[in-house]
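Just one chain is shown here, as structure tokens, and it is the form predicted on its own.
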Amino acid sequence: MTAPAQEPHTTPSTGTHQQVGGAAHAPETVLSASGLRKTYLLGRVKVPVLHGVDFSLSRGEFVAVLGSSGSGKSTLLHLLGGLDSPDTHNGGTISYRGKNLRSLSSHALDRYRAREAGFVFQFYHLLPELTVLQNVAVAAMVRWGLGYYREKSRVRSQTRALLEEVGLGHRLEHLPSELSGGERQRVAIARSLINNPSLLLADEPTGNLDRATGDTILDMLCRLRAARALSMVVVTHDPHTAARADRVVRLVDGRVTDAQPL
């Protein structure tokens, strides 16, 4: 049986080259993809979305994937996070710390999604009947399964601390309908981090927000990235958002056109 993905490292990194013993060395690559192809079937019509995309993410790095609607950027993020899989034939490979995601057992892939990768989406995806506290804790329930009840006290304490960290300590018992858009996204960010992932994968995290609120959310993501030594991928159509990244990968019609620092 394939071994599950390793637990994340806790040593901070900025994703830049470092000096050890007087010699520069490249940062660790934590996530990489080679030749990614993805085709969807709409009825009997094949719709190719990605056409041989290569991608890499170093430990502690913030990469923005910039592209217009329909360019394939959300599809790429879903593949990197294990929420979808490449084409079966010649679909390419995705590796997390050297381990091919396609070689993982279903249990190990579930573990990767629950523990190694945190997800933030444009539309928040909060459960309307649950409070702020419960919406964040539910991600820990998915991780621990039946063991959650053994961990419940610790998880609730951790959840409260995390919500304090994102500025929502006064909103614990509120429902999503009682929150602003920016507050809902803060809840979604807290939920993505409750299991202490090493990767943060965000799909248009400011797409539903005005510029000022979006900038506040980006400030928070960058602060959390530094505090938690996260490696972060943000897909966006907005050059203003992409400008916050260490490096930008541009997608046009399912192909990488260039990748460069800003």
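Because the structure is a prediction, the values reported are computed rather than measured. One rule holds for the numbers: they count along the sequence shown, beginning at 1.
Heads up, the form predicted in complex with a small molecule isn't pictured, but that's what we're talking about next.
Colleague: Based on heavy atom distances of 4.5 Å or less, which listed stretch (35-43, 225-233, 209-217, 190-198) is in contact with the small molecule in the model of the complex?
Modeller: Selected range: 35-43.
Colleague: Would V49 show up as a contact with the small molecule in the model of the complex if we use heavy atoms at 4.5 Å?
Modeller: Taking the distances in the model of the complex, the answer for V49 is yes, it comes within 4.5 Å of the small molecule.
Colleague: Might S74 be said to contact the small molecule in the model of the complex, defining contact as any heavy atom within 4.5 Å?
Modeller: Output for S74 is yes: heavy atoms within 4.5 Å of the small molecule.
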